[in-house]
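Let's start with one chain on its own, the form predicted on its own, as C-alpha cells.
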C-alpha cells in the first residue's frame, strides 16, 4: 500500500501534561501517521497516555524510551512494552549486540524494535570528548553504520538515524530496514541556536530514503499546528514525486 505524505510524519508528544498532549492529539490525530511518546510524558502518566492516543486517533504509536541496561533487564522491559500495544519502541545501540538481541526477543512479534544509533544533538566533538576513536569523531557516520549493522544483525526492525545517514542505511541494509529520522527542520522553521546538530529538511530526508520523520518543534511551536503539518505534508509529497528510487 502506497504511503501518503502524512504517513511519514511522527509527531512527538513532548509535553509535561496529559492536557497538552490531548489538545495536540485532538488537532493532529488524523493529520499525522504516528505519535511518539517519550520519557517525560511516559514517566508522568505511564501506560495511560498510550491508551489515550489509541482512543483518540487512528495514528500509530511509537514508544521512545531508549532502553539501555543489562540484557536480562532489557528483555523483561521489552516484554512488558510488547503488551502495551505500541507499534515501535527504541533501545540504544551503544550497548552490546546481545542487548539488542534481548530487546528483539522480548518484543517478540508484537512490537518493532528500533536501535538508536547516535543522538542528533551529538557530533564529532561530542564523540571526541566521550573517548571514541578518532575515526568515529572525525566521521560520525562510520559509528552510525557500525551500530546500524549491529541492530540489523540483532533482528531489529530498523534504526533511528539522522537524515545525513539515511541513504547509506538503506543502501547497506535494504529498503525494508527502517530509517527513522529525528532532527527534521523545514526551511521555514530554522532558528539560530538550535540544540540539534545533525538536522535536515523533510524533503532532503525523503530524498535520502527516510521512512519516518520525527517532527516536533516546527509543528508544536507554530501558531497553527494544523497548518504547519499541512505545509510539511505538501513538502513530503512533492519530495516523494521527485525521489529517485534507491
Ligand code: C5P
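Here the structure is a predicted model, which is why all the values come from computation and not from measurement. Numbering follows the first chain given and starts at 1.
If you look for the form predicted in complex with the named molecule, you will not find it shown, but the lines that follow are about it.
K.L.:
For residue 185, is any heavy atom within 4.5 Å of the named molecule in the model of the complex, or not?
P.N.:
Yes, contact at 4.5 Å.
K.L.:
Heavy atoms within 4.5 Å of the named molecule in the model of the complex: does residue 211 have any?
P.N.:
No, residue 211 sits far enough from the named molecule in the model of the complex that none of its heavy atoms falls within 4.5 Å.
K.L.:
Does the named molecule come within 4.5 Å of any heavy atom of residue 225 in the model of the complex?
P.N.:
So residue 225 does not count as contacting the named molecule.
K.L.:
Do residue 68 and the named molecule share at least one heavy atom pair within 4.5 Å in the model of the complex?
P.N.:
Contact with the named molecule, no.
K.L.:
Of the residues 148, 74, 86, 118, which one places a heavy atom within 4.5 Å of the named molecule in the model of the complex?
P.N.:
It is 118 that has a heavy atom within 4.5 Å of the partner.
K.L.:
Which residue among 53, 32, 215, 179 has a heavy atom within 4.5 angstroms of the named molecule in the model of the complex?
P.N.:
It is 215.
K.L.:
Which of these stretches, 23 to 31, 58 to 66, 200 to 208, 44 to 52, has heavy atoms within 4.5 Å of the named molecule in the model of the complex?
P.N.:
Single hit among the candidates: 58 to 66.
K.L.:
Please state whether every one of the three residues 79, 103 and 152 places a non-hydrogen atom within 4.5 angstroms of the named molecule in the model of the complex.
P.N.:
Result no, not one residue of the spot touches the named molecule.
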